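The data below hold one chain only, encoded as structure tokens and taken in the form predicted alone.
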């Protein structure tokens, strides 16, 4: 039996709502098929009040063995480092985190807020929010850069706003079945099995990207043209499997004509939501995309783009759908 405790810090509960919609495996499968004992979860825990606090205290003291500590939301440090902007079970939530994380065999951060602070940590960050082991791309966060769980692992980051439910349940299953140390992580401590590829991988509009054909207005994103050139789609730069592991097994942002917002990257929301930056590609001299696909440079990219436009076949400029 693998024990799991899930707490929420400064959060909208979006990752919990996502988690409860998991299918492969489902939240119920974790218990019935993979032997995970959910000690407590904000939406699933039956205990309340003093009874819930008994569980937290037992885990914090080591009396109750804790295999997986899952945290959703930011760790709130304000005001003035007290953490009292986020009280939970008669204490600042940060104090619970400080005691529970070292007791866990594995610590898992779910969602952008827990991974790197997310939207709450965007300037001016009024309540002083941080992620468990990162603040945006800066390593450290609340637990510190040197933190390791009892099994010698750093925090496993599963980002997203929210994270896809099956990313969460599949990693929890890997831990519960004794494969935690086989989970390869990237430089931001994200599981490579999900975050090696880009959102663009599997996008149904990728042929328009290859031939540098842009859509000019919303509504055309699923029919003709790529959303990268005018509407700020971050699919070519964002590490996620959103077009490989579809949402609700049906679709994704880009398949529905919505630009990828890059929500699995530490910089999300990009440009701190400054006016004129949302759903709009930022450009140098009004022509060159400021952010370009990972692994290239602006000169090489522009040369490739010019050649691709010249080589573009006529079908790449037409509406791909008929009625």
Partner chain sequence: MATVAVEEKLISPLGRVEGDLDLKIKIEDNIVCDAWTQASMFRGFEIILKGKDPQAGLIVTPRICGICGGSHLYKAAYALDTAWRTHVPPNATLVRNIAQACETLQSIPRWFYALFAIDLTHKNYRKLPEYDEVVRRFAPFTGTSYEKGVTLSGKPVEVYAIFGGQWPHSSFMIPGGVMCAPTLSDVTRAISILEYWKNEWLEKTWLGCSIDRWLENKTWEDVLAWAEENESQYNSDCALFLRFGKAAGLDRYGGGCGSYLATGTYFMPEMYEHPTIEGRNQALINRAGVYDGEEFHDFDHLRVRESTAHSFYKGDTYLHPWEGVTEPIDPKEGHAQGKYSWAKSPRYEVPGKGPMPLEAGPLARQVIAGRPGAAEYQDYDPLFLDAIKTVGPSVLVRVMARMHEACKYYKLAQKWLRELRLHEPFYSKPVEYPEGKGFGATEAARGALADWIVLKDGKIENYQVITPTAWNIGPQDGNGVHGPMEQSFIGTQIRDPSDPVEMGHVARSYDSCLVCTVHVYDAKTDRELSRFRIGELG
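All of these numbers come straight from a predicted model, not from anything done at the bench. Residue numbers count along the first chain shown, from 1.
What follows is about the form predicted in complex with its partner chain, which we do not show.
- Annotated contacts: 171, 183 and 313 are all free of its partner chain in the predicted complex [non-hydrogen atom within 4.5 angstroms].
- Of the stretches 99 to 107, 135 to 143, 148 to 156, 240 to 248, only 240 to 248 has residues with a heavy atom within 4.5 Å of its partner chain in the predicted complex.
- Interface residue among 276, 35, 62, 295 relative to its partner chain in the predicted complex, by the heavy atom within 4.5 Å criterion: 276.
- Contact check for residue 119: a heavy atom falls within 4.5 Å of its partner chain in the predicted complex.
- Residue contact with its partner chain in the predicted complex: residue 253 places a heavy atom within 4.5 Å of it.
- Residue contact check for residue 288: none of its heavy atoms lie within 4.5 Å of its partner chain in the predicted complex.
- Heavy atoms of residue 267 never reach within 4.5 Å of its partner chain in the predicted complex, leaving it off the interface.
- Contacts between stretch 158 to 193 and its partner chain, counted in the predicted complex as any heavy atom lying within 4.5 Å, involve 161, 162, listed in sequence order.
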